[in-house]
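This document starts with one chain, in the form predicted alone, laid out as structure tokens.
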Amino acid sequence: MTQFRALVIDKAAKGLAASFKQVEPSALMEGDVDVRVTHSTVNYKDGLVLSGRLPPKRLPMIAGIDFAGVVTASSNARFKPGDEVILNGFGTSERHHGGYAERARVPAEWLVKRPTAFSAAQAMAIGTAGYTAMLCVLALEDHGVTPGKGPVAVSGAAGGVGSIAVSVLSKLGYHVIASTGRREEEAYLKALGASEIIDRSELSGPAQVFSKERWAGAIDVAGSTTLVNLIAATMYGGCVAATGLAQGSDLPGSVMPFILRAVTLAGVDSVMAPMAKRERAWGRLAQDLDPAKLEAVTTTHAFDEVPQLAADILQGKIRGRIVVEIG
């Protein structure tokens, strides 16, 4: 194997910096499967890592929490050369080299065989954000939130997780209430299937203990008072799936909705989720995500654009999903 191109985070004169480098194969980390990476994506977490707000545990580190590609070598019986695979999370870009590279070496237990319903580009259009959205939908279903129980609210609806969540929920028959701070995205969200649009300020303001029961379930990417206010407006026996902290990691609320309205707060982790959950989520995405809607929320970019895209996503400038063509 010859040198390969990668986006590497390393020490700089002031803190950390990311730059494109030619990397020796000997720099690859432990793993029993080698992959030729063809596509990646940009998630909010990628923005945090590349900005230095979520620094890697070791340096130098190849960034990127996702990739799709083709197995080139494997000493594990689950995979053989030519298999098409996906990786989401498992500490890549933090503790293990990630997907912003033309080559990767990872443990076999981190890889999912790419569903035949999706191309590599489509798999990265979904990426960790879309896979996380599906985990949230499954959490609501597992806690009894069905379309007949009432509406479902989605915070950060124009972002990566939100866009996929709105698309999937609407296809499944839910009445979706989409929350966004970008009112200019109303037509976009309606096209994805949102039935109502509410302004982010309705949820991000002072925390309430109780408010009028408005939804049977919710998917939240914001945390802080947004999550508290989503819980406060959840109907009796409902569920809120929490998977982000864009507003903050605090939870300045009360236990009262959990006790008096029997509301469930379901934490959704996509990074270390076991393989059974991953395969279930990808299987449901293949079944319940409309390819036309996926295409409508996706833009394709060159590898060189990743640093700027990572900065843009932290500033709320990114709508929907991004595909990065790596190799």
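Residue numbers here begin at 1 and follow the sequence given. Everything numeric in this text was worked out from a predicted model, so none of it was measured.
One more form of this protein, predicted together with a small molecule, exists but is not displayed; see below.
In short, of 137 to 145, 96 to 104, 249 to 257, 221 to 229 it is 221 to 229 that has heavy atoms within 4.5 Å of the small molecule in the model of the complex.
Residue contact with the small molecule in the model of the complex: Ala241 places no heavy atom within 4.5 Å of it. Taking the partner from elsewhere, Thr180 is found to have a heavy atom lying within 4.5 Å of the small molecule in the model of the complex. When contacts are judged by a 4.5 Å heavy atom cut-off, Gly156 counts as touching the small molecule in the model of the complex. Contact annotation for Asn88: none of its heavy atoms lies within 4.5 Å of the small molecule in the model of the complex.
Against the small molecule in the model of the complex, the set Ala63, Phe67 and Ala302 makes no contact: no member has a heavy atom within 4.5 Å. Only one of Gln122, Ser74, Thr128, Ser170 comes within 4.5 Å of the small molecule in the model of the complex through a heavy atom, and that residue is Thr128.
In summary, among the residues Ile313, Ile9, Val306, Val23, the only one with a non-hydrogen atom within 4.5 Å of the small molecule in the model of the complex is Ile313.
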